[in-house]
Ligand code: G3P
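One chain is shown next in structure tokens, namely the form predicted alone.
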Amino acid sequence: MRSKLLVLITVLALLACLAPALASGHEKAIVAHRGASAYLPEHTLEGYAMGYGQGAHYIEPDLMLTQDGVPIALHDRSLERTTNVAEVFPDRAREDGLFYAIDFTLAEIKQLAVIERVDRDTRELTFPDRFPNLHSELVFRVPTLAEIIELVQGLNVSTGRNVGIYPETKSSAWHAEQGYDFEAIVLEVLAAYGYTTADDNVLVQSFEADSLLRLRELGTELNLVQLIGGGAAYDPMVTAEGLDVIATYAQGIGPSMTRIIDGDGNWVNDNFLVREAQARELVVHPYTMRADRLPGYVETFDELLELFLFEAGVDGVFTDHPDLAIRFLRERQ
């Protein structure tokens, strides 16, 4: 059943070759956030294939490591919110009750079924109207970074497109505490598939500046993106001095939407962040645009995209709905 679904969704990618390219270096970039995560469970090959087929310019996997040092696509450090780990390995939680991915080998991770994201305590769906597979016989698996790359590169050959990958090193300092050189491991996988220079269609992102600096220390020429959260800890990054520092090691920033437009719909510092970042030749890709979770200052997804992509003038967006963003761009041009 799973293989049939993957083939079906992958066929959608063939349609994308009919669309005009809008990837990095073009007018605007649409990043499939955790895949086409509004339609299929996040961080699955099926979801990535669907995002590709919907016309996304980048496929975005969050990365964590397994016990045997394999990068896998996973947003959280632990597995219980997006897999059935508590059913398969009920006795493998740490003292805090969480099932950490790094405590499992890849072979064990591959025994798990990926589910639509749920609340850790109530087990209720985070997005109630998304893919209802909690009690389905349809099984999705946790993919490795290598599998994601092979999917995207294979589709690039068969469709003639040039879709990039946009991996995030998650919890880098935490991985170091567990004894892993996360960045070295990720670079080794990327290099094995030909991603080594600034001309290669990959952007590596992180919320942790030290992770990006470690990548530079290891000698990578890949383009890097500094993610900027909405919390006070990131405030120094959104100053002129902070952007000056970021520009020494990164080629872009990925700020929270609230760093550009606040929750009341007001421009933050007269759009200072976008203007000043671009003045330093940093691309700006804010996160995360969701048609099923709109901020209160807009009524439609198109209105949200218009505000950010054209009024604010950002260079691209992360979205759970790549199809809607691509449609908007085609109709807008």
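When you see a residue number, it is the position in the sequence shown, counting from 1. If you're wondering where the values come from, they're calculated on a predicted model, not measured in any experiment.
We do not show the form predicted together with the ligand, though everything after this point is about it.
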Tell me, yes or no, whether residue 141 is in contact with the ligand in the predicted complex, where a contact means a heavy atom of each within 4.5 Å. no
Even though the partner isn't displayed, in the predicted complex is residue 170 close enough to the ligand, meaning a heavy atom within 4.5 Å? yes
Contact test in the predicted complex: residue 152 vs the ligand, heavy atoms, 4.5 Å: no
How about residue 288: is it within 4.5 Å of the ligand in the predicted complex, going by heavy atoms? yes
Quick one: of 193, 249, 234, 207, which gets a non-hydrogen atom within 4.5 angstroms of the ligand in the predicted complex? 207
Heavy atom within 4.5 Å of the ligand in the predicted complex: which of 27, 306, 62, 276 fits that? Just give me the one. 62
Would you point out which of 267 to 275, 298 to 306, 280 to 288, 47 to 55 contains residues with a non-hydrogen atom within 4.5 Å of the ligand in the predicted complex? 280 to 288
Within 4.5 Å of the ligand in the predicted complex, counting any non-hydrogen atom, which residues from 307 to 333 show up? 318
